[in-house]
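Single chain ahead, by itself, as structure tokens, in the form predicted alone.
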Amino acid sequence: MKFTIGWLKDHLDTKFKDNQIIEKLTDVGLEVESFEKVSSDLDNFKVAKIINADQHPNADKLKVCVVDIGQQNTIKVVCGAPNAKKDLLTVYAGPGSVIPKNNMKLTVSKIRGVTSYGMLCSESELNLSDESEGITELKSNEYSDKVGKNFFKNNTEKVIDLSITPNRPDCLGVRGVARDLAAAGVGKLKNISNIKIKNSGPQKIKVSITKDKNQGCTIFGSCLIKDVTNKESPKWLKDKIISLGQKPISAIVDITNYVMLDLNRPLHAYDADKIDKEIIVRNSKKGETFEALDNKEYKLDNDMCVISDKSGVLGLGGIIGGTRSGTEFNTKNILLESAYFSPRSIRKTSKLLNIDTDAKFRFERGIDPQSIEIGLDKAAQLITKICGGKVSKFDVQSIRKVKKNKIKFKISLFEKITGFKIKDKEVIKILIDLGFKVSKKKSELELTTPSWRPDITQPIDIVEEIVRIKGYNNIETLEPEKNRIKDTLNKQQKLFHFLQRSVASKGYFETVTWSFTDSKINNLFKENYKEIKIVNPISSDLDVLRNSIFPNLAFYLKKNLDRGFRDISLCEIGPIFKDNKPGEQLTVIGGIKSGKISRLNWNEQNRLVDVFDAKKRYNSDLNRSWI
């Protein structure tokens, strides 16, 4: 998740300095990967000095210049400027640079038989003035000590890059990050500006959600915006998009991307004039195809959630739109979509089709189902402000009610788990600041979790929320007990380590893998155990808890074989899962072998490993395989 401090302050009223904000982000569990400026195309333009300017051997009006570009690097540039001469300070653009005046991208090229590495630029080419007769001449008293440095100043803000864990989808939007910081005392969360839009009547394009089995869309909100003038985005919007390393496309597309990053609310804009009669949200049929905005054609399987009209598929719900209904600069009327798609549906479809988009990344982790109208409102405000147009009333279709998750929380549980106590009033304030609805009854709180936090389901989750906002540094550090009389390990732990050593002594290398695995591999080993799907997997190919120790062992055995390793013996000790209820798991140990026996033994003929080798070595001194 990337954003700038300035963008953060659109939602957070704070007097904290940048480094204090960065430190507090880490304290509340939002790991900061980096905090630095994003490179610009103009960073490729360097102050340079001409060392020599010799006549081109095959052209009277060209010169071959030896140019110092800093850091003891010199290159050759063929130049036709009359003022190119020895010791001149000028501006150099290397291969890959894009000239501001004409957007020409430079490459290494041969000019009359001499290879030229980039070019020396005139003021006109740099959009500094209309002067195009010669290359830029820089004053020696100002630039003599700046050879090799950037000619243009990078005025972009520094960008914060957060590593967001899968359980925090709310922080994939800038407002979610601001909310956490406000709860931690960094500032005050600003209210979202509520500017009433004048509605120009009902949304006239019919929308229906079919009640198919496993329907992936439960809410579909939309509004029609007529008579827009699509154009390039204003500078402030372009700067926000560019600061994240993305390329501005058009005002309408940039606004939908901006709202997604700002509020964690993915949107999609259709050219309303390209929609055939109505919008139908349904499951796909095997063999249907459509061309997506990434210019690839996808062949669909059964039960993929699609947005369609009377002519066919317009897009994959929550993943990617199609070219047939895409907006362009000549688009006059748009249908704006704000919907809720189930994480399971998004994950399944994107995995089968191998599609990865920003919207998919957010929907598969869990979007706030109550942000439908907020997203439409914000985007409609910006579109009418920048592109003009008239907005219809919002049309929200729903086939399922949003359930509110309620938790009863005993305040004493916090001290029991963390070892320190805070006042009841502070507990309540932290929870309210995080978006909880709180009702106190004696020593117990009745909580309604915010709709943007699907990960909070039980009292222990509440403890985690309070302690991360209050500060993990409040947890007392206890030194290990000296001269301990009792055994450090219990009987089960001793057996665990004994089994590790026993199998390792037979030549097996121990592996440590995830407790989850790919359902396709798991099905080969699961026996009669129930498949346990993960609601919010960290990766689309790690979607179930393993029913056996062997799926991951087999996967990594193949991975090593594919990389050229031979004669492999791997083992692992860890949990397998029979059901999703507490206690329905076993700790087991397993081993797997591949390759040849005695491959390098001069005294014995080599042969392929078989089941008896594994049995003899693995079970020779083990009489149980679980604890």
Partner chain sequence: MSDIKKIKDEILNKLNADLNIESINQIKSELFGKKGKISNSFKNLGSLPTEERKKFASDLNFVKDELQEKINKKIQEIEIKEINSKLQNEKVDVTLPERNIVQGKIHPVSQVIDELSSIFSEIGFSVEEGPDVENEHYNFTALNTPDNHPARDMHDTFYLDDKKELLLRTHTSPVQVRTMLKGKPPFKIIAPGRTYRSDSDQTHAPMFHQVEGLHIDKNVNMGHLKGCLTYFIKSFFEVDKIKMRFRPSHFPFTEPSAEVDIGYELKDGKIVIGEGDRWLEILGCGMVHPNVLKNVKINLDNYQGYAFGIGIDRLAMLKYGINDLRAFFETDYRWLNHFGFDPLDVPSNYRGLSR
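This is a predicted model, so every value here is computed, not measured. Residue numbers count along the first chain shown, from 1. Superpose the two forms; the largest set of C-alphas matching within 1.5 Å is the rigid core.
Below: the form predicted together with the partner chain, not depicted.
- The partner is absent here; in the model of the complex, the one residue of Ile475, Val402, Val98, Leu495 having a heavy atom within 4.5 Å of the partner chain is Ile475.
- Site annotation in the model of the complex: the residue of Gly245, Gly312, Gly507, Gly201 reaching within 4.5 Å of the partner chain with a heavy atom is Gly507.
- Shown alone, this chain has one stretch from 230 to 238, 137 to 145, 160 to 168, 319 to 327 that lies within 4.5 Å of the partner chain in the model of the complex by heavy atoms: 160 to 168.
- Using a 4.5 angstroms threshold between heavy atoms, Glu31 counts as touching the partner chain in the model of the complex.
- The partner chain in the model of the complex is not approached by Glu297, whose heavy atoms all lie more than 4.5 angstroms from it.
- Taking the partner from the other structure, the partner chain in the model of the complex has no heavy atom within 4.5 Å of any heavy atom of Gly287.
- Contact check for Leu42: every heavy atom lies farther than 4.5 Å from the partner chain in the model of the complex.
- Annotation for 505 to 524: interface residues with the partner chain in the model of the complex are Ser505, Gly507, Tyr508, Phe509, Glu510, Thr511, Val512, Thr513, Trp514, Ser515, Phe516 [heavy atom within 4.5 Å].
- Once both forms are fitted on their core, the CA shift for Ile432 between this form and the one not shown remains under 2 Å.
- After superposing the rigid core, the C-alpha of Tyr556 moves by 2 Å or more between this form and the one not shown.
- With a cut-off of 2 Å and the rigid core superposed, Gly29 has a Cα displacement that falls short of the cut-off between this form and the one not shown.
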